[in-house]
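Below sits a lone chain in structure tokens, taken as the form predicted alone.
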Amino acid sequence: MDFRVHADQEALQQGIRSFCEGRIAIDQLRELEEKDAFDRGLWNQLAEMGIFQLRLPETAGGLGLGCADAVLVFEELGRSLAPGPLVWSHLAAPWVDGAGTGEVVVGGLDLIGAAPQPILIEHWAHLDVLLLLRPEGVFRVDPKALEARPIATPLDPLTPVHHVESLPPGERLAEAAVAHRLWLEGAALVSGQLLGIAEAALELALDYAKKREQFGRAIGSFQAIQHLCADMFVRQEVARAGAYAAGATLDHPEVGDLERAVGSGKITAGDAAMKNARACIQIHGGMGYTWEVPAHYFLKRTWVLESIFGTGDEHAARIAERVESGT
């Protein structure tokens, strides 16, 4: 099997990147935060580009692409820190009418593992449907029927959250096997987003290192900074291998252990995004800790994405169990 990105995939990825650079450039994040993290116009544009219908068959109005293609697309969405419940709406397209076209905004909660406490719902104010992934299946809930309290200062300023005390059973849409499959697909797409964050953090750090001067020289010429950037690049490429392999294995499960491939992708991408975001802040020095420097957005979004569809520790435990059992 050939794991390399082919020309059509490169064109797809470049098209998404060009759109994001023009519509959600890094210097526009502060404006988006102050206005409203959820931009309905942006959401509709993403829908028109086929983000949510990417893997629907052409007979259903989709593009008929695979998970490997979706990982590449979500890599670019992660690189630009595109806001909104992107992964959930993408996953919901086959199950919720209007999700694929962007008319219906779908959010979700991952309840496959331990029940989260407290219960926090992202982008609640803009959701039309809330999906619950439980060990026993996929369930649909009306988010407006929940009593939700806004969190005044969310961790990621581009990801508003609301707290709810409890969740209703909801309407069952699919059985346990579908819930598990959606959980794996969600983890792979989030791995793509985390890979994009790792790349963007490295790009921002390199740009600053080339321009910032100390003692009459660009700080990028200092060996300590070069080592930091080299480590960032290595982590990025390890994450790329893991995230791409997760998408490819979901499309062709016969090539390897699906659980291990997806888990490895989430672990390596999460590690790369977290450490690259921190290194980016470090390279910016004292400026790196200020709100004006966008480096903090990468770290905060990583914390949010690391917590959904299985944390790195949860995936590591699952892989360890499979290795120990010989499966």
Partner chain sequence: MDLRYSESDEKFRAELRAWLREAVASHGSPPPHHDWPARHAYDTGWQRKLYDAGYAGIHWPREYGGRDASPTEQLVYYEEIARANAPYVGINFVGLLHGGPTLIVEGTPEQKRRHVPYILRGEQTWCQGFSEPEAGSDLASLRARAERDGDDYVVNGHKMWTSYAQVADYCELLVRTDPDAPKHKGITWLIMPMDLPGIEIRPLKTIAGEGEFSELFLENVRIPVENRVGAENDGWRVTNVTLRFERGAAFASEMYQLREHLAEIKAVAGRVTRHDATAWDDAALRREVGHLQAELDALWAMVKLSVSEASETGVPGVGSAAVKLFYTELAQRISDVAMRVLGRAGLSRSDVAELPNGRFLEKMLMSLNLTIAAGTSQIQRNIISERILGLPRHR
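Numbering follows the first chain given and starts at 1. Nothing here was measured: the structure is a model prediction, and the numbers come from that model.
Here the subject shifts to the form predicted in complex with its partner chain, a form of this protein not shown in this document.
Task: Candidate stretches 39 to 47, 255 to 263, 58 to 66, 291 to 299, one within 4.5 Å of its partner chain in the predicted bound form by heavy atom - done: Stretch 255 to 263 is the one.
Task: Close approach of Thr249 to its partner chain in the predicted bound form, 4.5 Å, heavy atom - done: The answer is yes: Thr249 has a heavy atom within 4.5 Å of its partner chain.
Task: Val190, heavy atom within 4.5 angstroms of its partner chain in the predicted bound form - done: Because no heavy atom of Val190 falls inside 4.5 Å of its partner chain in the predicted bound form, the answer is no.
- [ ] Indicate whether Gln214 is a 4.5 Å heavy atom neighbour of its partner chain in the predicted bound form.
- [x] Looking in the predicted bound form, residue contacts with its partner chain do not include Gln214, since no heavy atom lies within 4.5 Å.
Open item on the list: Within 4.5 Å, heavy atoms only: does Gln117 come near its partner chain in the predicted bound form?
Closed with: Gln117: no, not in contact with its partner chain in the predicted bound form.
Task: Partner-contacting position among Cys229, Val161, Leu204, Ala179 - heavy atom within 4.5 Å of its partner chain in the predicted bound form - done: Result of the distance check: Cys229.
- [ ] Between 185 to 221 and its partner chain in the predicted bound form, list the residues on our side with a heavy atom within 4.5 Å.
- [x] Leu202, Leu206, Ala209, Lys210, Arg217, Ala218, Gly220, Ser221, in sequence order.
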